[in-house]
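Have a look below at one chain only, the form predicted on its own, in structure tokens format.
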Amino acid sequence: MPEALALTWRQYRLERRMFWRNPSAAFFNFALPLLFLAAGGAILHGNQQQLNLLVPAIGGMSVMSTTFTALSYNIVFLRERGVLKRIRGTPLPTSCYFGGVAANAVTNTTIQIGIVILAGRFVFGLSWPPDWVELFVFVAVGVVCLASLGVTFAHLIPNFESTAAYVNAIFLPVLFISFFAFDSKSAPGFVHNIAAALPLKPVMDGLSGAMVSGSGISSHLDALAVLGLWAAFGLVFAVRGFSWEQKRG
């Protein structure tokens, strides 16, 4: 066990270095949500009610970008460049490799959520999150859910050149529908139903309860149930469909 933890820690450190040495990954998976937060804050300046919605919405977007989007890109890149195949041929245990990858995603999410909380407190006029337990629960469940879906979705992408098209075809519509339903009570009922069935809006709802209203986990059990179902689906197919080999010659 100590040896496995040491190998996981070394893989995690490698993942951190690789992340910061890739400017495009650091921008699109880390800085982009913060740019949305800054732009939205500038537009909604003085409208506290809308800012109370913006901050947890960007928090949910941050969770998705640092897990689903990042892992979809990274898994396909490493697979198609033959890196995963070479890793598979080393003595590094599979659990240690995935432990390092998962810890890297958790670190990015934690940093993002921390920045969003600080921005909400010192820039946008929110108080400190009234329910830290609910915040932890929804961030943790959201990470597991969206990370597993990211790995699952990577199985469907045939090559790295098409990754952006595949990922954006999912990320952007989910983002638009979830933001629209979360921000607008006047959105059509079918839009609310679609958004409630997707994994992003439940994360936003939970973060809103934790960071703004302090309504408690019991008020968002339906959101947790949706995330739990998506997480179960993602975990099963992430494991069953995972391939260390390139999909093309």
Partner chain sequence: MISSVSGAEVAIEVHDLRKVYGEHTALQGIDVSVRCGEVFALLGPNGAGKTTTVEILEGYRQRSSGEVLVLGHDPARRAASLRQRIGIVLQSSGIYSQITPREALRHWAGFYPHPRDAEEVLSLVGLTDKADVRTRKLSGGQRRRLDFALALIGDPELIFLDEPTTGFDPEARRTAWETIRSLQVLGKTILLTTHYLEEAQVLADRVAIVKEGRILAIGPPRDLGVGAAHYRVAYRDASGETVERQTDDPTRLLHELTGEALARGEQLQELSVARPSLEDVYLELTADA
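Positions refer to the first chain, counted from 1. All values reported here derive from a predicted model rather than from experimental measurement.
This next part talks about the form predicted together with its partner chain, which is not shown.
Margin query: Only one of 167-175, 87-95, 131-139, 116-124 has heavy atoms within 4.5 Å of its partner chain in the model of the complex; I'd like to know which.
Written below: Among the candidates, contact is made by 87-95.
Checklist line | Contact of F160 with its partner chain in the model of the complex (heavy atom, 4.5 Å) | finding: F160: no, not in contact with its partner chain in the model of the complex.
Next item on the list: Classify V236 as contacting or not contacting its partner chain in the model of the complex by the rule of any non-hydrogen atom within 4.5 angstroms, answering yes or no.
Entry: No, V236 stays farther than 4.5 Å from its partner chain in the model of the complex.
Notebook entry, point to check: Looking at the partner-bound form in the model of the complex, is M18 within 4.5 Å of its partner chain by any heavy atom?
Noted result: Close contact exists here: in the model of the complex, M18 approaches its partner chain to within 4.5 Å, heavy atoms only.
Checklist line | 4.5 Å heavy atom contact, L78 and its partner chain in the model of the complex | finding: It does: once its partner chain is placed as it appears in the model of the complex, L78 has a heavy atom within 4.5 Å of it.
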